[in-house]
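A single chain, nothing else alongside it, follows as structure tokens in the form predicted alone.
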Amino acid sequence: MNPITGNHIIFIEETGSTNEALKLEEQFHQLPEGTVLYTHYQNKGKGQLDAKWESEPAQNLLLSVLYAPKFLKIEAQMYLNLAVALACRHFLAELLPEQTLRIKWPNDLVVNGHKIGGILIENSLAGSQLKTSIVGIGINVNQLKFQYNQAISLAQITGKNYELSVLRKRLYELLDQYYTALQLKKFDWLKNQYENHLLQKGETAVFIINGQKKKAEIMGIGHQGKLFLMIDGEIFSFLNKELVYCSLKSGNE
């Protein structure tokens, strides 16, 4: 399948968030699938559940990609999340071959307990199918100081300074690779790969559920993206908005 990610690129020096900026561009222009909008600075960057994303100007990867996964039914939309998360983890693994890289459910990228990146996907629907998806990606690259000590960057780990344009190009290639797996509907493979890299799978973590802190063993994920937890010997499933993951806290959450 032909590469699409980055076949059309929009650069904005500063924006509120790349997801919002790309949504606006999509409203007024006929954009091809794979369009990338990137920026040097987000002054209102956000993560999951409207959390803020901390990033210094021109130091990190801050971008959004427009996809049109019309081949996916609504109940299968979580596989786009898996594909993007795996592509970003693969990208980081190439740069940090000696580090332990995990995906914190649903879409955070973690190195040895420190958050190095995050993903925010916003879908629009047409009937029972996905119409378009805006995939926002933030990865800490050259920034050396963070307000929250749980965040970390590539430069902090390796002591190197990276050329962002080179990194973006490689990230586009990997996004294409995993998006192709999605188009081929390799759902079981994507789910297995995701669970292989799921943070604390098979371990006990702490969550806030219905306002109460609870210890639970992370069992895996379901085919609708729910997290399966064992609590007091029983297995329950949760959507992202139904609990708060307390075992890893970061400003970029």
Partner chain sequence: MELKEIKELIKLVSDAGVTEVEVERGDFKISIKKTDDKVTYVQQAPMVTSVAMTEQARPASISAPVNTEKLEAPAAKTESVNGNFITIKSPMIGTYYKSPSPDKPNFVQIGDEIKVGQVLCIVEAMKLFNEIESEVSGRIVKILVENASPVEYDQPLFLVEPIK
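For clarity, every value in this text was computed on a predicted model and none was experimentally measured. Positions refer to the first chain, counted from 1.
Keep in mind that the form predicted in complex with the partner chain is not shown, yet the notes after this line are about it.
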Spell it out for me: taking the partner chain in the predicted bound form, does every residue among Asn81, Ile121 and Gly225 have a heavy atom no farther than 4.5 Å from it?
yes
Students should find that, of Arg170, Lys160, Lys145, Lys131, the residue having a non-hydrogen atom no more than 4.5 angstroms from the partner chain in the predicted bound form is Lys131
Close approach of Phe207 to the partner chain in the predicted bound form, 4.5 Å, heavy atom
no
query = If you check in the predicted bound form, is Asn107 within 4.5 Å of the partner chain, heavy atoms only?
reply = yes
Are any of the heavy atoms in Leu24 no more than 4.5 Å from a heavy atom of the partner chain in the predicted bound form?
no
(request) May I ask you to state whether Glu242 is within 4.5 Å of the partner chain in the predicted bound form, using heavy atom distances? (result) yes
For the partner chain in the predicted bound form, the stretch among 137 to 145, 162 to 170, 177 to 185, 98 to 106 with residues bearing a heavy atom within 4.5 Å is 98 to 106
Taking the partner chain in the predicted bound form and a 4.5 Å non-hydrogen atom cutoff, the residues of 125 to 143 making contact are Leu125, Ala126, Gly127, Ser128, Lys131
